[in-house]
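Let's start with one chain on its own, the form predicted alone, as structure tokens.
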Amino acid sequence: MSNLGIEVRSLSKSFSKRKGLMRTRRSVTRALADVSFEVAVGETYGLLGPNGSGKSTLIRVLSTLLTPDEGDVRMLGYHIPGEEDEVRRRVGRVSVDAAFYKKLSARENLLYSALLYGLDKAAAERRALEILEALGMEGEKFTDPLEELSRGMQQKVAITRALLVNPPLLLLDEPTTGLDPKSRRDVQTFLEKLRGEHGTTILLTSHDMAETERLCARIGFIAGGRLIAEGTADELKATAGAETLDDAFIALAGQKLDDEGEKRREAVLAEA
């Protein structure tokens, strides 16, 4: 049996969009171009890149929400495309724009998800409360409607939802965005504990250098849909002749993580 949790080989994905007043012209944006990397079982691997670099598109492909145009993907040995149902049973996903039934409470949202996975209601509720407590969320907020919770609290509920079934593989797309510094540390500590106790394989996308350096054994730099470098934080800094991971990214990618052009590109992809 392979000791790889994630295998990505020559993965490419493009989006097309109609342009012009008559919408007769079509433009093509390549979100991912010949991306290859692998993540060992039990490893935390980080992908660092600016908005629009392809991070979220990659997560959507790995979580079976998008079909790749080219390339081969295996998640815990299961192929994408082809074995999506097996992948979905084993993968938890947290995105920066997690969707909920906003009129329902955190409790109702989480129990609904638990029932979809066939979990016992009482056990799921206990597990949810344990996770939320570890993430620093007050218990009295458990029954408040999601629409009344802050952006940071909603993100904690999203993380809890992904962890309810204790998946062997986690895809985390900027999971601490919107959290205050203490909550961010709580989430980071919880993820370290999860990997240490359960051997969970984690793919983390971010543009937070400190978070990535703390959590990830290896890091990949992605820009313009291409994986331009990977290695440990120290290896990447040595390759770039830089003192910080931020400087290493700028040296190797030729751009900053908050590049405005990349933000505009991300907006185009979101509309495609």
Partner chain sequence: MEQVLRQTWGFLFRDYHLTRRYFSWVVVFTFYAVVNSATVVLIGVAAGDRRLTLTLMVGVMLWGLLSVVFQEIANSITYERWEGTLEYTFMAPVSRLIHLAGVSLFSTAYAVVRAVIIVLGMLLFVDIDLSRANWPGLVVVLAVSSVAFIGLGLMAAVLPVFSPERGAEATNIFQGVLLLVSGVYYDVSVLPRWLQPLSVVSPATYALSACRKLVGIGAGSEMVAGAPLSACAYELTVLTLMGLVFVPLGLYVFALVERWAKQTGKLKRTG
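Since this is a predicted model, take the numbers as computed values, not measurements. Residue numbers count along the first chain shown, from 1.
Just so you know, the form predicted together with the partner chain exists too; it's not on screen, but the next bit is about it.
Only one of 71-79, 198-206, 177-185, 101-109 places residue heavy atoms within 4.5 angstroms of the partner chain in the model of the complex, namely 101-109. A residue is said to contact a partner when one of its heavy atoms sits within 4.5 Å of a partner heavy atom; K121 meets this definition for the partner chain in the model of the complex. In the model of the complex, at least one heavy atom of R161 sits within 4.5 Å of a heavy atom of the partner chain. Contact annotation: A242 falls outside 4.5 Å of the partner chain in the model of the complex, judged by heavy atom distances. Contact check for K237: no non-hydrogen atom falls within 4.5 Å of the partner chain in the model of the complex. In terms of contact with the partner chain in the model of the complex, the residue from V94, L194, M153, I131 that brings a heavy atom within 4.5 Å is V94. The contact with the partner chain in the model of the complex, taken as any heavy atom within 4.5 Å, belongs to L66 out of A229, C216, L66, V39. Along 177-215, a non-hydrogen atom within 4.5 Å of the partner chain in the model of the complex is carried by no residue at all.
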